[in-house]
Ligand SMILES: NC(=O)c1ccc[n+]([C@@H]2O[C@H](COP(=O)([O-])OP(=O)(O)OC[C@H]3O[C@@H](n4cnc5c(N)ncnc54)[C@H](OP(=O)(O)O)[C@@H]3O)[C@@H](O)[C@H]2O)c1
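To begin, one chain is listed below as structure tokens, in the form predicted on its own.
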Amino acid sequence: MDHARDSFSFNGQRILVTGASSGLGRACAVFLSGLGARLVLSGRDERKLEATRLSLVGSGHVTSVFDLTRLEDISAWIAGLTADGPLSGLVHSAGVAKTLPVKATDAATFRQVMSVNTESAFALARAFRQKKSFLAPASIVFIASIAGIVGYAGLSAYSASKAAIIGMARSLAMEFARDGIRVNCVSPGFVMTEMTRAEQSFLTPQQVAALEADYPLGFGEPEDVASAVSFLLSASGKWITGSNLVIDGGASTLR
């Protein structure tokens, strides 16, 4: 029993979570802190990051305000974060979602979505692998989306960015294996975050019911994703790399 319990414990390991100010990033941080991890919380809103920090279990958690669109600065930023100790894990939850038809998606918008969602993921993985920045065995988990594996009208740019992350993770997994770094994705469906709850307020009960009908197990909660992310980061997932774990209540099986 002790071995089983220890395989889900992080025992003070440092884990960086991007997008930690709200939604899935915040849920992952809270869940991981309950398993003993020390969190480095990243986002662009200092006030919200501090609120997340205060909600965590344990001590030693820190915040770091950073804009991931500054791709050229990511390596130096990670090096600074790890000057006092290496990271054992990275959860990349930060991202942008834009629902736009193709005719309203110009080149600049497409590039913005790809930059924030995909280029930042690559830059973070590259920086994480820097000497002295990580402690093996280590693990990277990207938050992708079922939009990367099934089609949705109005999400062409977003879907492209998430499909790219899934494909990129497979190759990174092969390249980073020799360093003792595992790389995986999770692909959530519709999860009831603060943002999605607010969006639902603009829908009729009939529209909400029609949306939920696509989910055999109903809508997900942030903790459903956070627990899966924690599993992939933990010693329990030590033989899993290059995988994409779909967490969607069965929605993608209907398409």
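Numbering starts at 1 and runs along the sequence shown. Everything quoted here is computed from the prediction, not taken from an experiment.
Keep in mind the form predicted in complex with the ligand is missing from the figure; the text below concerns it.
> Which residue, 35, 191, 56, 228, is the contact with the ligand in the predicted bound form, using a 4.5 Å heavy atom cutoff?
Of 35, 191, 56, 228, the residue with a heavy atom within 4.5 Å of the ligand in the predicted bound form is 191.
> Would all three of 71, 128 and 168 be in contact with the ligand in the predicted bound form, where contact means some heavy atom lies within 4.5 Å?
No, because 71, 128 and 168 lack any heavy atom that approaches the ligand to within 4.5 Å in the predicted bound form.
> Could you tell me which stretch in 100-108, 149-157, 80-88, 181-189 has residues with non-hydrogen atoms within 4.5 Å of the ligand in the predicted bound form?
Of the options, only 181-189 has residues within 4.5 Å of the partner.
> Can you check whether residue 121 is within 4.5 Å of the ligand in the predicted bound form, heavy atom basis?
Contact with the ligand, no.
> I'd like to know whether residue 212 contacts the ligand in the predicted bound form, with contact meaning heavy atoms within 4.5 angstroms.
Result no; residue 212 lies far from the ligand in the predicted bound form.
> Is there a non-hydrogen atom of residue 242 within 4.5 angstroms of a non-hydrogen atom of the ligand in the predicted bound form?
Residue 242 lies outside the contact set for the ligand.
> Indicate whether the ligand has at least one heavy atom within 4.5 Å of a heavy atom of residue 195 in the predicted bound form.
Heavy-atom contact with the ligand at 4.5 Å: present for residue 195.
> Relative to the ligand in the predicted bound form, which residues of 19-38 have a heavy atom no more than 4.5 Å away?
19, 20, 21, 22, 23, 24, 25 sit within 4.5 Å of the partner.
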